[in-house]
Structure formats: structure tokens, C-alpha cells
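Take a look at this one chain, the form predicted on its own, written out in C-alpha cells.
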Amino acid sequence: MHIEENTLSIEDRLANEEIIELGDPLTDEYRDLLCGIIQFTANSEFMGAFTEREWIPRAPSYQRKLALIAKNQDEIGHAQMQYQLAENLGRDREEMLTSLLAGNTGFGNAFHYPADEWIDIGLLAWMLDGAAMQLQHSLMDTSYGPYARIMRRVCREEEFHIRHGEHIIREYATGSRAKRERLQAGVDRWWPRAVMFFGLSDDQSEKSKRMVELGIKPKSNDELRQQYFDTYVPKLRKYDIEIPDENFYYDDAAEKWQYTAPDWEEFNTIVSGNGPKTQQRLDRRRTAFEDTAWVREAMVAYNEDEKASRFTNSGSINTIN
């Protein structure tokens, strides 16, 4: 394994409970795995914002509209911070975005599905952002310091998103019979997607296992899934929502939740870019990306002019001196 001028291996540094910082020597493996998860979480924030953006003009009240606008603004900001973090590790911003839009890199499974009703927006914010929060909160203890510090800010803002979603859920749970039925139907749709959100089971994902070993992910996929159940089962029961899994129960002997295994064939189909809304959403993002190319080109030209101007002025001063 190639190591850049390092005196200790990554494993040794982690065994010493050291935090890896920007500029520290990294192995190729550590850098690639770290950039991979950063790019995935950035892509998910980016595509999640655009999934919900479609509902801003259709939000049922002015207050809901403002909340959704604020949430979308946060999500784009989270993506921006994480893309910049990957840039600092050597990834190119333009290449990361073009790779996403070409379908070559993935994003969260939830954002491949349609959100046809307002309750879907509430459940995305409550159940799926809640699932994302399990991962994001754990990443506050990642072995890469800059990523951990970004996640502290992200988690503070995600708490608002989850409260926004729960406020919608509470309205439905305490509303008319029709609203309660729509809520249960929505949970029936989104529960399996939330269970899938954390990725393949630990025995199916060598990449996730290696990230845990390197401290990039402090918790495994299955640990995060169990943590999600611990958090959300009481919440669902509080609102008299039935968990749509007849095999779901807490196993006292094993000290963990038992549940129906997700449809991993569906999961692999979805994350491979074949979800019901995947291509439509990517098409819209590609169009927007192409339409704003002139802005990026103008910024590059401006920066080049600024550099040339500073060089010329510096040269003039040196000549005078």
C-alpha cells in the first residue's frame, strides 16, 4: 500500500486515538474511502433539496412554504460544505457534479422515489432526515477531523428539519380520520425505504466494514439501523402509527430489534440509477447545470484576471523598488 511520507500507519494512529487532519499523510485507501463517503453525503444533500424543492410552490400554507425554503437552503449549504471538503482532499468540484449527473456516483435511496403528497414531504423530513441524522451524528466522531467539525454544524441544522417534519406528522396524527389514514399509508410507503437507507447488511458490505476499521465510519450499517429503531419505534407508537412489518419485534435475548430483511434487489436497482424518479430528477439537474455554465465560466475568468492583475502589480512594485 502506498503511503505518503508517513511515520505511522493510519491504523497505528487510530490505535493511538489520533484525529487525522487536513494535510496529514494519508494512504490511498483512506483518502479514497473518505472521499467516497463525503461525496455520497454531499450528493444526497444536493438531490434531497431538489426533491423537496418541487413542493415549495405547493406547500399548504405560507408558514410551511417558508420552512421548506429554509430547509432547502440548508441542504444546499450542507452539500456545498462537503463538496469543498472533498476538494481539499484532491477531488475536482466540476468532476464530482458531472459524475453525479451522469449517474456514475450515487445518492441516498430515498431521493429516487416520488413525493406525490404533502405527507410525503413530512415523512421525508421526519423519518428519512431522521435516518440520515443517525449517520451524520455518528460522523461527529469520525477519524477525519474536518469532516467531524462540518457534521457538528450539519446536525444542528438537521434537528430543525426533523422538528419541521414532526410538526407535519403531528398535524396528521391528531387530525381527521382521513388525515390519519393518509399518515399510515405514507408510513407504509416510507418505512421500508428508511430501513434500507443505511445500506447493505454488514455481512454484505466490505467497503462499509473497512470504513469502520479505519474510523471513517464510527458505526456500521446494522448498528445505525438498530439505533434508528431505538429512536423511531417510540416516536411511531406515540402517534399511534402501526409499523408496517408483521415480523418486527424486540428480541430480549439478542438485545436487538428483529425485522423483515429489506428487498436488497430493489435497493440495488434503486441505487444503480433505476429508481422511479431517478432519471427525471437527474435530467432536471443536468439542464440546470448546463444553463448556468456561463456563471461558472465567468467566475473562472474573473479569478484568472484577478491573479494576473496581482502578478502585474507585484511585478511593477518590484521594478520600482
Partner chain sequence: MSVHCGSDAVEQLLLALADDEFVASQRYAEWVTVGPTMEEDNVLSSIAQDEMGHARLWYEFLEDDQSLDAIGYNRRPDERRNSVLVETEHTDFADTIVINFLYDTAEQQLLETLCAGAHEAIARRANTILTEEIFHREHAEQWLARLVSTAEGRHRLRNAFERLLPRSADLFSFEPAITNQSAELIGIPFDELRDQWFKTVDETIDSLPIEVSDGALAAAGSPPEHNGRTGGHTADLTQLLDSIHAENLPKDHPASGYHA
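Numbering follows the first chain given and starts at 1. This structure is a prediction, so every number in the text was calculated from the model and none was measured.
A second form of this protein, the form predicted together with the partner chain, is not displayed here; the remarks below concern that form.
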Original post:
Is there a non-hydrogen atom of Met140 within 4.5 angstroms of a non-hydrogen atom of the partner chain in the predicted bound form?
Top reply: no
Original post:
Trp55: heavy atom within 4.5 Å of the partner chain in the predicted bound form?
Top reply: yes
Subject >> Exercise: Phe267 in contact with the partner chain in the predicted bound form, heavy atom 4.5 Å >> reply: no
Subject >> Glu21 within 4.5 Å of the partner chain in the predicted bound form, heavy atoms >> reply: no
Subject >> in the predicted bound form, the residue from Pro114, Gly77, Gly103, Gly145 that sits within 4.5 Å of the partner chain by heavy atoms >> reply: Gly77
**OP:** Answer with one of Arg91, Arg182, His164, Lys219: the residue that has a non-hydrogen atom within 4.5 Å of the partner chain in the predicted bound form.
**Re:** Arg182
Original post:
Since the chain is shown here on its own, which stretch among 271 to 279, 29 to 37, 252 to 260, 60 to 68 would lie within 4.5 Å of the partner chain in the predicted bound form, judged by heavy atoms?
Top reply: 60 to 68
Original post:
Considering only 157 to 176, what residues come within 4.5 Å of the partner chain in the predicted bound form, judged by heavy atoms?
Top reply: Glu171, Tyr172, Ser176
